Structure formats: structure tokens, C-alpha cells
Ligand SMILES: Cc1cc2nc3c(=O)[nH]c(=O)nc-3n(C[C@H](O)[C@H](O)[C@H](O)COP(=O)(O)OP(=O)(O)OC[C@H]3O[C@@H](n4cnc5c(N)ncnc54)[C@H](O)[C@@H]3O)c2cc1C
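What follows is one chain in C-alpha cells, specifically the form predicted alone.
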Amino acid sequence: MTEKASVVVIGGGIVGTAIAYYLTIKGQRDVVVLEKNYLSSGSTGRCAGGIRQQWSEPSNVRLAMRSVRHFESFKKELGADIEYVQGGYLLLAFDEEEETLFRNNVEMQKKEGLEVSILSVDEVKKRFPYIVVDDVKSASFCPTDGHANPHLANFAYARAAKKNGAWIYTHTRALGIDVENGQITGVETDRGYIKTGVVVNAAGGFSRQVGLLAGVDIPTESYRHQIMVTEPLEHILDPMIISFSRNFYMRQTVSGNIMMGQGDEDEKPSFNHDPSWRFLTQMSKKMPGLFPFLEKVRVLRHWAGLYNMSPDAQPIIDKAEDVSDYYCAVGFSGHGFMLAPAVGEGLADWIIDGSPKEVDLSNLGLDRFTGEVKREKNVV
């Protein structure tokens, strides 16, 4: 294990490995990634792999659009097939309030340069005949949205970063971050000590705990979120389909399996990864009513992961005020996978050049929570 590094990234999910990769691309070779378990063992490996640009907040739209540019060139740039499919995202509106929200969102998204449109009920029925549209008011659709395999993307960033000179240490836990006169001096791990002046907190569900190691209090909480997957079917779904009011999302993998999940308004903050019968029962009852082809389909398995939530359901990407060169990329609220490429690029620029270049991170800092909090609405 190395005893010195220019940057130590804590967290081996896709956000952490993307940051490491872009740091090495910019010439910072002696970068360390610490992962307390195995790569993709946390939120990245437990997510559905959606890649969406349709948000209610402009900053999220811009971040997601930048990430899509990277996903579109991912195979060429990193030489990895991550099962990336641009089948679009179909957002279903079930009441007038949601319909109005979507129309306002689409107007804003178009101003940001996104290819997106409102579909009438008849258009939804014609283009997606497998959906029961009796209660649907309208929908928004973006054809350049899509999905990919989060494990493959995570591993690809890690391999590329390692090839460029980074050290990836799995099963290595950060135990402490030393700070002297406001400056980071090193990281204590359960495998030894690493001298460094820069730390990046990309610890996902454990972001607040890693912040406190350096005396930085990050206002995040983690919540269990569950997903299930069915036996493989013949190809039927191109888009990812989502409803915020009906609380579900669903997509089909390249292998034919149907993957679907939902949030739980009664869930309390925890680090619980245990799947529940409540989730399985609710989804099994709800989904066939909207998608009749699911009625006789067998569920293969289901699992749980953590949504690391911020107060406004938007990521916290910032540099600490009282601890020099302590950066965080946390609080993604279930959307770290889809935003990781842009965040990795932006933070690498910030660390090496002093500011992000291609990515606007200006309103994602910790200071935004001192005033009125404007919450991202497009979250399941």
C-alpha cells in the first residue's frame, strides 16, 4: 500500500472511480481510491442504472446533459461495453398538478437545449401500447435518456484510472482524516497511513460519517430503497418508464429482465439493506394494473440499497470552508450513477485547475442550505 498520494478519494462507487479517472486524465497519476468493501458494493451496484436528463431544477438538467455526452462516447473513450441503451425516458403524469409541472419542466429543459416533448394520452397509447392509460393525463419524453449497467460502468472507470496510475484499494476502510491548522495532512486506514493534502468524500450512503472524520458536517441522511427483477422476457420496453405520483420506475435489461423499484414514504433514515415483503407485495399488486404483461411474470429476486438524501434532493458538490482541500460529491438522492461522469470531470477540474470548466457546480454547494431550500421534484 502506498504511503503517499496527491489525492485520496473515499468511496469506490461510480462517483469515486469517475473522479479518480478524470484526475488521471488531467495528469494527476498518484491518486488513491479507498473502498471499504468491493467496488460497486454500495449504492452504484444496487441501482437500476437509469440515465435521465428530465429534471425540475436546471442545474440537474445541465449536469445530466453533460453526463449523457460522456455516456455516448463511453465505449470509444474507455473501451468498455456498459450495455448503454438510449431508449428514452417516459414520465407519466396522472393528475393536473403533475401535468402542469411537466409542461413547465419541459419548457425549461428546452431552454437548456434538451430534446424533450409532451405526449398526449393518444400519443402514449400509440407509441407504448403495453401501458394502460386510463388514468394517464399526458407524459413527457426525452429520446436521448436511457440506461446502462452500473457495475460495468463502475468497473470501467476503476480499470481506466488504475491503468493511468491510480491505486484502487478495496476492503480498505478510512478510519480518520488528520487536519492540522485547517489543512489535511493524511488519512488513517485499517491497512496503514497515507500522507495526502487532498481528500474527496464520495462515500455514498456513508457520506456524513466520512465528513465527520475531518470535522465537516454534511447534512445528508441515508434511506433504504428497494428494487426487484423478473425473469427475462422478449424485448418489449425501449424506454425507462417512471411516475412520481404513482411512485415507480421500470426498465428492461439487455438480457430481457424487467427491473422495477419504488420509494417508501414511511422509510426512516438507516443503513438497512434488508429487502422487505412489504415492498414485494406492493409492487406485485401495483405494476400489473398499469402493465398487464407483468401479471404472470415471475420475480427472480429483489434487493435494497441506500439513497443518500440531501435536504433538497440535489447533490452536494463542494469544497469545505474550514478544512482546506476537503471536497465532497455526495447526497445524490438516488441519482449518482447518471450524474457521475459530469461530476467526476467537474471535480477533477476543480482540484487541479482551481475551478470546474465544462460543468456548472456553482449552486450545489453546502451554503445553499442556509437560505430557502428549493427541492428537486422529479424524484422517486
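All values reported here derive from a predicted model rather than from experimental measurement. Sequential numbering from 1, following the sequence displayed.
Keep in mind that the form predicted in complex with the ligand is missing from the display, and what follows is about it.
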property	result
Options 130-138, 282-290, 171-179, 72-80; stretch whose heavy atom lies within 4.5 Å of the ligand in the predicted bound form	171-179
Full three-residue contact with the ligand in the predicted bound form, heavy atom 4.5 Å, for Ser43, Phe206 and Tyr307	yes
Heavy atom of Phe102 within 4.5 Å of the ligand in the predicted bound form	no
4.5 Å heavy atom contact, Ile316 and the ligand in the predicted bound form	no
4.5 Å heavy atom contact, Ile227 and the ligand in the predicted bound form	yes
Contact of Glu35 with the ligand in the predicted bound form (heavy atom, 4.5 Å)	yes
In the predicted bound form: members of 1-26 within 4.5 Å of the ligand, any heavy atom	Ile10, Gly11, Gly12, Gly13, Ile14, Val15, Gly16
